[in-house]
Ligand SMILES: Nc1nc2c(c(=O)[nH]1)N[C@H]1C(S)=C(S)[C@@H](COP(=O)(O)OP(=O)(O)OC[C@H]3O[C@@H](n4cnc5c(=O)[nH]c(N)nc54)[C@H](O)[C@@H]3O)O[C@H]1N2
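Okay, here we've got a single chain as structure tokens, the form predicted alone, with questions on binding and movement later.
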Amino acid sequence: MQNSATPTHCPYCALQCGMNLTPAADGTVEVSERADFPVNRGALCGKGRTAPAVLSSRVRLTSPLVREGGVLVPATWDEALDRIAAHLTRVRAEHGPDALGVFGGGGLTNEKAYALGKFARVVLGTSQIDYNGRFCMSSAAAAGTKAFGLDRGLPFPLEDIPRTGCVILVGSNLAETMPPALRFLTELKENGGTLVVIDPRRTRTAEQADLHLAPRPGTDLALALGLLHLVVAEGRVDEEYVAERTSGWTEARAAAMAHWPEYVERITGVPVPRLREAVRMFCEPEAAMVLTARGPEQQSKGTDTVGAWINLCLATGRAGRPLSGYGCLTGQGNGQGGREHGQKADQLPGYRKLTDPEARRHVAEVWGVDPDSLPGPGRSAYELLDALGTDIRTLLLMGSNPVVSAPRAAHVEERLRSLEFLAVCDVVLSETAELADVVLPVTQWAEESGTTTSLEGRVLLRRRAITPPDGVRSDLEVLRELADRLGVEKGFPADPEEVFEELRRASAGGLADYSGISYGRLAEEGGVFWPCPAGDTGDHPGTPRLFLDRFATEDGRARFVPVSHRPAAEEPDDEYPVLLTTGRVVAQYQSGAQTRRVDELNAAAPGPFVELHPRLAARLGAAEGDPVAVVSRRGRAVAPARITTGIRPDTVFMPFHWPGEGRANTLTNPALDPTSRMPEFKVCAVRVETVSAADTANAAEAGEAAEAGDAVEAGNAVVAAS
């Protein structure tokens, strides 16, 4: 174990805050400030400060587990790996490669994501691979690609935010999801800029806003179109910019003009004067930005919703100019890099399309295989999970906990239980790992080196600071051992730097070109923005700011995409009259698999709750802290009431970090965006009851609905038809 401080990065969100790690004499690890990293300048949230707690053998896995007689028991590594390999071999021989599924995670390093995608396509030969990052920012990625020809969460560094004139923040609660980033908005206001926050809740972030708009959940698309209508009507279009740097404006303008302010007010509940004020604040400064997060993106029309906000930026000349632009606040630690290098169902490394013959040829040459041997695109994340136990008989899962994090979670849990075989690689015994036939304990962020790509598109080097405990191996070692057992003896090194060197070659010439980045350079410079091609001289500086000269389309112009408002896949009715929206709290992270094992974080956020307006609480007869039941067409969740005027009277909110009876994702609707295949986490119809009134008939009804899935199929039909 080393004795000096090791500079590295936090394992949680996409800020990837810098920190120093120092092993202590008692075997623990101390976190200290790393002020040189520009994103957080030493500041850390509670999750970052307590991250080493999960390194303890008290809370983590340190031995492989295999299921015997229905119970998970310790096993040797050879026994566990042999069992997985034997099952994969048998199922592939009997049912074909697409009977094997692979599910990854947005927290995996670039090296792991790359190796997992290669393993699925080269070793298993399956098309059935996707990852939980599909649930993060796939809608923003799809919209950004349509408009700009390229998706990178932020096309500019965070340091630009305080220097712009106005930020419209849509569906993001930075104060709780990425606390160190809130200072960029604070500095924006200190510099004379303005902040507009759009959220149905008056969150800690909304409290900082100069203007807070609280639309009805599921109406962000109408809101954006209404603002664009006002931009046109008030003569605020940057006509010169539109003519010189865009195409498709005529159609997009016509679509926006169908959304006049009074119509938008009826849909969203946002008064017309506040719409006009938002337009004034956005258009008067020389520069402005729109930043979106999961609020507008996790909808069955998320791609169109983000597209409408991009259209607003383009019409006002707020893209591809200094201190202006559209950006997406990526959520997961490596949500950006995780989808760039091959674990997404339709992509190859370097952000190449799996359907592009030239992309297949290039990557196949790096991999030393025939391009024709590579499978085509597979199912998206929810569709893959929904197919488990039918034509997908076996699943290898790394770095994800869909029992808690997937929409319609009770159904997904049932699908996982129906598998012939489930193998899970994880740090802890998550709720999903508890269902597995084999569980493999893997190394954590502080015990291994590897790269991640932050929400800025900045490639970063995490450094190994401590030695992992006996009995634990890295995910790369797992893939190497399985590949060897399945007859592929070369091409899967366990050394992360060796994997990265191959990733560089595979990404070369692609949209996400990492070929000019090396471990040595990352260690020296502290991070490099992609694209960074190697070129002839090998000294490309990286690209902190995209699109200043041209967009990544064939003609260099940004594309307006005409969009129109449509309802959510599931609207309230007499039986389910209230809207549910979901999100996070500051002391927990994602499915909570790791943060729920940290005493300090549990003390701050011990369990789920239902946030509701006093008027709704009065109608129910519910008091603060009373257990209430939230019931959707998919199931029922129970949690204490938290009564606040900071939420709309027609809406309730639940955080999604917990399993059990308070599992918010039991309720959520997997109706999918037709382009991104993003489920509609952020809006569904529910009813709220006091627990004493929720009788067994209601519970039985909810259970039957969860099994039947009729509402899900109907919701998807609505989306497809529109």
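Note that the coordinates shown come from a computational prediction; the quantities given were computed from them, not determined experimentally. Residue positions are given as counts along the sequence shown, with the first one as 1.
Although not depicted, the form predicted together with the ligand is the subject of the following passage.
The contact with the ligand in the predicted bound form, taken as any heavy atom within 4.5 Å, belongs to G171 out of G337, G325, G171, G226.
The partner is absent here, but in the predicted bound form a heavy atom of L108, alone among I310, A637, L108, A381, sits within 4.5 Å of the ligand. Although the partner is absent from this view, R201 contacts the ligand in the predicted bound form, with a non-hydrogen atom inside 4.5 angstroms. In the predicted bound form, the ligand sits beyond 4.5 Å of every heavy atom of A508. Taking non-hydrogen atoms only, R677 never approaches the ligand to within 4.5 angstroms in the predicted bound form.
Contact check for R245: no non-hydrogen atom falls within 4.5 Å of the ligand in the predicted bound form. Not one of P155, M289 and T316 comes within 4.5 Å of the ligand in the predicted bound form, counting any heavy atom. The chain is drawn here without the ligand; in the predicted bound form, the stretch among 278-286, 527-535, 296-304, 561-569 whose residues come within 4.5 Å of it by any heavy atom is 296-304. Contacts to the ligand in the predicted bound form (heavy atom within 4.5 Å) from stretch 320-335: G331, Q332.
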